[in-house]
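One chain comes next, on its own, written as structure tokens: the form predicted on its own.
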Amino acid sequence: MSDTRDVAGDVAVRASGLKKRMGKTDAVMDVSLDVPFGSVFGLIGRNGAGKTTTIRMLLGLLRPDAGSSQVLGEDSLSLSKAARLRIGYLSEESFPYDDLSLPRTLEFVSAFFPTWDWDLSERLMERFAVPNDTPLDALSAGERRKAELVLVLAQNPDLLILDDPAAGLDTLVRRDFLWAALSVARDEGKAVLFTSHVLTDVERVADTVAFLEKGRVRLISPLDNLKARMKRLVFIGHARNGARLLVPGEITRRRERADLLVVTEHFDERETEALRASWGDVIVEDLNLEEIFIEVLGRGPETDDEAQT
């Protein structure tokens, strides 16, 4: 891996105030984020939230209307050939050279990458068991995506960008796919930026998440920190008389039979004990990423495992 680092402190990707209008729609509005080396950054949101547009601006494939971004220490709009060779990008679109088998495709693509890792490609081919004698366009959807992942990872990139790469794959294939990509990247201190509609996948592998809503960043947080501070408090028997009940950091509340359920984004055990002293029994419930997404943004994208199979 190259020793080149962003002067701002080991930042692989930096976006500052990115804006992009597509036709009459504000696709991206004032997006700012940092992706450090050694991190796995999950960018999530509903369809049309601006995820792919943001990624395309970061890669210099779209010119922003305002704002700027840097990748591997270079401006996205003027990335050098050397910088582009350090970026592994796997989009939801299929690999273009699909009339060759995987071994022949590897031979062809390897000529363009001086850091090509043949040992890694052989290990991944064995792990994924992709047929060696079948053109990519004749493979199943799962086999093809795994073959494309081998092609990207074998480039030995310092930055791995995955734009909803496992969409349409079944649960087992999708999990193996993501773990292979992210374990390689994380073990070697690389940076990973990925999007997914399946929030259970994001929760398994990301250490930082950003919520996009209508082109704006609604929330960015380390995932562990987010789950530690966002809790559901269940006030037993107070569905009807909880109007005077004030919870610091409250974002939503609803009744469930006789109980009052309040979600807070500033959970504090001492404050909860004070609430217990005034209101009696209070149950603290953890929230998974899907539940947090729904509480913050309302009803979100398909999030269960079966939705994307």
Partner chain sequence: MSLLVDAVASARILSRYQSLRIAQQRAGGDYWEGLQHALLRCGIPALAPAIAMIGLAFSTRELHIALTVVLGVMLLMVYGGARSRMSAFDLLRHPSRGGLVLGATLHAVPWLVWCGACSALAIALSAPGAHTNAAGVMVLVAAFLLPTVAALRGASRRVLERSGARELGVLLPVLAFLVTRFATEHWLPGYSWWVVVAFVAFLGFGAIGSGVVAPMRELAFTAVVFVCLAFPVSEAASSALVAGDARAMTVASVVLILSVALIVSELFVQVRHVDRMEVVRSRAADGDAPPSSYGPVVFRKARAGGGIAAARMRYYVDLHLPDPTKKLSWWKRASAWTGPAIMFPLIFLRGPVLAVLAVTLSGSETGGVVVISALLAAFWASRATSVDIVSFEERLWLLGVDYRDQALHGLRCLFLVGLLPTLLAAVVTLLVLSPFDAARQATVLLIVSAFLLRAGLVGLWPFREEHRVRPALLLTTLAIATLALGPVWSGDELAYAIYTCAGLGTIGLALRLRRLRKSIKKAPLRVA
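Because the structure is a prediction, the values reported are computed rather than measured. Residue numbers count along the first chain shown, from 1.
Keep in mind the form predicted in complex with the partner chain is missing from the figure; the text below concerns it.
- When the partner chain is considered in the predicted complex, residue 155 lines it closely, a heavy atom lying within 4.5 Å.
- Contact between residue 275 and the partner chain in the predicted complex is not found at the 4.5 Å heavy atom cutoff.
- Although the partner is absent here, residue 95 lies within 4.5 Å of the partner chain in the predicted complex, judged by heavy atoms.
- The partner chain in the predicted complex is not approached by residue 215, whose heavy atoms all lie more than 4.5 angstroms from it.
- Among 254, 244, 240, 63, the residue placing a heavy atom within 4.5 Å of the partner chain in the predicted complex is 63.
- For the options 229, 204, 232, 104, the residue carrying a heavy atom within 4.5 angstroms of the partner chain in the predicted complex is 104.
- The chain is drawn here without the partner chain; in the predicted complex, the stretch among 264-272, 246-254, 27-35, 50-58 whose residues come within 4.5 Å of it by any heavy atom is 50-58.
- Within 4.5 angstroms of the partner chain in the predicted complex, the stretch 196-213 places a non-hydrogen atom from 197 alone.
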